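There is one chain below, alone, in structure tokens, taken in the form predicted on its own.
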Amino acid sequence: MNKKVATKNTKTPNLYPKKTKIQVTIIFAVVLAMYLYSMNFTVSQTTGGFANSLSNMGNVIKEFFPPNLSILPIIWEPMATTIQMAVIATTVAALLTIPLSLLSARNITTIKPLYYITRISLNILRTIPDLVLAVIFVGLFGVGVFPGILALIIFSLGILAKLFGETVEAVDMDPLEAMRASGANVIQVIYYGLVPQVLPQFTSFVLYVFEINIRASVVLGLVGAGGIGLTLDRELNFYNYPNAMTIILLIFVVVIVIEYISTKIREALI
């Protein structure tokens, strides 16, 4: 009898308070309203232009075909330059990311002003588009590879520091606290306690950013930052569409090959 009474009086705890439910409902309604408004605005603004562009699509495609494969020996060098730009930028950004991500991790950095300064600085870096960075550096250093590499370094640093910093904040702190309690210094705690936990994710993030940099370096070349993008921009400006199509196909093949190799490496690490 007592068991039945106890069962009837037992209530399931409310995991989601009423106030939280109301807040989630309001946020969902606002996001849905913004989505519907944006979709309606986009459709109303682009329907006419999209309909007109369909009629010209066939003529534009004809201009690009057949691709002029005879220029392949010429465009290999700028394509290699683009890959080298991505390699250098990713490597430098990865090295800079290590100390910055540790300083921007709440569970590692105990000096709060240093933590907030690093966090805000990295947030500012991420707000600057890579094209804007390339335009600024091209204006400072002139047309060439160097401004493109600088733009890619800052662009990569913002992404890597964000991803790696969040990974560091999510690690298991028990091994680190045990090492600190046993008298290990900061370097020992990071090397023996933190690095084994985050190294696979860090390598995966670096490979991912390298893939992004291959694509980004092509776009940066359009504003004079060197590489295959600069060659593509020149061919388009001279209306050499068959040559431009060959460059586009080469970029596509290189990106697919690099992405495949990078994916296999990430699968082996995880």
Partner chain sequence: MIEFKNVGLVYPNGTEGLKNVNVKIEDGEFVVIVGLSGAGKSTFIRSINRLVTPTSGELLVDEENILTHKGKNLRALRTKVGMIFQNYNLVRRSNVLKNVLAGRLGHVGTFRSILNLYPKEDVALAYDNLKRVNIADKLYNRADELSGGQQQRVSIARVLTQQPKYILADEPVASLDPPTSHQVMTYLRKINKTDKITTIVNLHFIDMAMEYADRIIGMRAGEVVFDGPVSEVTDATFEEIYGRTIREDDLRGGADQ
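Just so we're clear, the structure is a prediction, and the values are computed from it rather than from any experiment. Positions refer to the first chain, counted from 1.
What comes next is about the form predicted in complex with its partner chain, which is not displayed.
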**OP:** Tell me, please, which stretch of 110-118, 67-75, 193-201, 97-105 lies within 4.5 angstroms of its partner chain in the predicted bound form when heavy atoms are compared?
**Re:** 193-201
Original post:
Any chance Ile187 has a heavy atom within 4.5 Å of its partner chain in the predicted bound form?
Top reply: yes
Subject >> Contact of Ala170 with its partner chain in the predicted bound form (heavy atom, 4.5 Å) >> reply: no
Original post:
Taking 4.5 angstroms as the cut-off for heavy atoms, does Glu166 touch its partner chain in the predicted bound form?
Top reply: no
Subject >> Any non-hydrogen atom of Ile154 within 4.5 angstroms of its partner chain in the predicted bound form >> reply: no
Original post:
Going by its partner chain in the predicted bound form, which residues of 174-192 come within 4.5 Å of it through any heavy atom?
Top reply: Asp174, Pro175, Glu177, Ala178, Met179, Arg180, Ala181, Ser182, Gly183, Ala184, Asn185, Ile187, Gln188, Tyr191, Tyr192
